[in-house]
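Here we start with a single chain on its own, the form predicted alone, put down as structure tokens.
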């Protein structure tokens, strides 16, 4: 009986060894993980390739922005795991400007829900410049995208708070949570903008005349001006973008900043209106949701993979950083990240 059992076990072992030996070597290796993309190498290449580009000019309609060093050039990628890849002037500060609109919009959606944003602000691109009065007049304050100035001021007015100071604290806390640190106001930029924000004040009053401003227009324009004057580095912006890439969880602090549902709506608006008048061209070339600011900051999001930020102050005529667009398009092409670049299946050879 013992001998019989031994024979059966021996046959089973022999059979398993025989089958394993017959499996081709490449089949045994097929479960090996594919090589991870080398993000550091790619951003190093992009920095070296575009560091000497001279096109573009600093924004000068805000006096302090014209004084910013035009040679600042930093690139940062932050992954959902909290990995940080940097090159260049990644710790140099610029004012966040319109990139901040993304995060106040996210807060409004998180606090009031996605339908409230559609009802109280809108989500369609206006097709007009970011500070257009005509867009407000034409739609009587409705369907104003939250990534243009009038829509962004509306977003700020909807942030929770019993007075303007509380609203500002909420805005500041939101930006801090996305950046995983306490951000500070660039006081010279704030003073410069506050002394010259009459056009934004006029937009806010015009919106109020149509019943589309949800706080005192002058007070909320000041809060909005502070919001745009926050100092950020390329690393800060990449962490903020990385939070969106990670479905609302900050990859550095691990704080749940907003929900995945909120992020899905935010990325959709970024895709359609993130680069002012050139939003369509950008999306046509990259397929990525992005947002620029006239301070030279620029973010883009590869959902589930990483957030990327570039800081380079010289802008093109549409108000978008020249180098940032070149860099991120390079990264997209080098890593095959355009989600609309589809690999066909089943084609006949």
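Keep in mind it's a predicted model, so treat the numbers as computed, not measured. Positions refer to the first chain, counted from 1.
Just so you know, the form predicted together with glutamic acid (GLU) exists too; it's not on screen, but the next bit is about it.
Within this chain, residue 145 is remote from the site of glutamic acid (GLU) in the model of the complex, having no heavy atom within 4.5 Å. Put simply, residue 172 is far from glutamic acid (GLU) in the model of the complex: not one heavy atom of it is within 4.5 Å. Though the partner is left out of this view, residue 62 does reach within 4.5 Å of glutamic acid (GLU) in the model of the complex, counting heavy atoms only. Using a 4.5 Å cutoff between non-hydrogen atoms, residue 193 counts as a contact of glutamic acid (GLU) in the model of the complex. Proximity to glutamic acid (GLU) in the model of the complex, taken as a non-hydrogen atom within 4.5 angstroms, holds for one residue of 246, 104, 149, 279, which is 149. In summary, among the residues 90, 214, 168, 130, the only one with a non-hydrogen atom within 4.5 Å of glutamic acid (GLU) in the model of the complex is 130. Considering glutamic acid (GLU) in the model of the complex, the lone stretch of 221 to 229, 137 to 145, 247 to 255, 114 to 122 in range is 221 to 229 [heavy atom distance within 4.5 Å].
In sequence order, 97, 98, 101 are the residues of 78 to 101 having a heavy atom within 4.5 Å of glutamic acid (GLU) in the model of the complex; the partner itself is omitted from this view.
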